[in-house]
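Quick setup: one chain, the form predicted on its own, written in structure tokens, and binding and motion questions come after.
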């Protein structure tokens, strides 16, 4: 696999040189400062490439060109935003960048209640506490009819939890849940979040899925012409939140979208952390079946703390948690071998060590939550060790 490292630009407290020393072979980044719905220019792309090169690596993959809420709801200036998205692809292709990860999650990107939860070892990890989340929904956001989305015992537990929360706890919970895309300055106040949710009234799963398919019908042909690859990141967590529909939470969700726009450029960002939160997702089997369309792999592990789903969970160390990471990597390695035999140019799959626990000096660095230096270095070293073992001639997968 091609080992890359997410970098949020000059504001990132983990530098490109840090990434190179950690063993990364390339960088995945984005122009977070460009307003959503605006086309990326060649000049801004080139500037980011130069910033990455100054640290000794190359900008190889985009994560992500934001998909506006107007596009997701197909309201307002959505057509202009789609054209800007296409133009961004053209300018990226001109600069030699050929793979773009994106997501279609409405309103909220990945959602956590704790960004630096302390584990028993003293490391810090991101966590989703279901009771805290329901308490926020019912008593802070005060979403109309929210109680109907949860079983009565959970409503009662969340109500009791909320009664015990301090003002600081409520404020932190609101900030964490209302955060925008990683690396961006966007975010929602409570009133702004209510307004954003109101845009989705009347938009259910089928409508949102059809909007994604319509969007892909517009941008995938452009990507094909440019010999680019687009890869959709799954829902995180993979279930409805705040009454919002989710459409990329299972294998069948992906199959439906891939079949609807059945072209090579329409692909998958296979995130083991997002998909692994659902106990009904068999990740190694999913990799094997979706393999030809996987353009990017996010490898991280989660530990489910309560049964079923929705559930509470935290981001465990890369080789711990509920996901059989060795089996997942074996399936990716097998797909790379198949692609090489087939003569595909993309026979090496992009992979990044996704997220990581804050350990050692990470605890005082203050990097982007989920993106520490040493925690990701540790994860990358572990994942690379598995891959090198599985591709060694002695084990028959080379």
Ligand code: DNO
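Computed from a prediction, not measured in an experiment: that's the story for all the values here. Positions refer to the first chain, counted from 1.
Heads up, the form predicted together with the ligand isn't pictured, but that's what we're talking about next.
Remark: residue 29 does not count among the residues lining the ligand in the model of the complex, judged by a heavy atom distance of 4.5 Å or less. Although the partner is absent here, residue 350 is not a contact residue: none of its heavy atoms lies within 4.5 angstroms of the ligand in the model of the complex. Among heavy atoms of residue 162, none comes within 4.5 Å of the ligand in the model of the complex. With a 4.5 Å cutoff on heavy atoms, residue 113 does not count as touching the ligand in the model of the complex; it lies far away. Contact check for 2, 7 and 60: none of the three has a heavy atom within 4.5 Å of the ligand in the model of the complex. Only one of 100-108, 251-259, 80-88, 195-203 lies within 4.5 Å of the ligand in the model of the complex by heavy atoms, and it is 100-108. A heavy atom within 4.5 Å of the ligand in the model of the complex is found for one listed residue only; from 233, 127, 72, 293, this is 233. Residues 352, 354, 355 of 333-366 are found to place at least one heavy atom within 4.5 Å of the ligand in the model of the complex.
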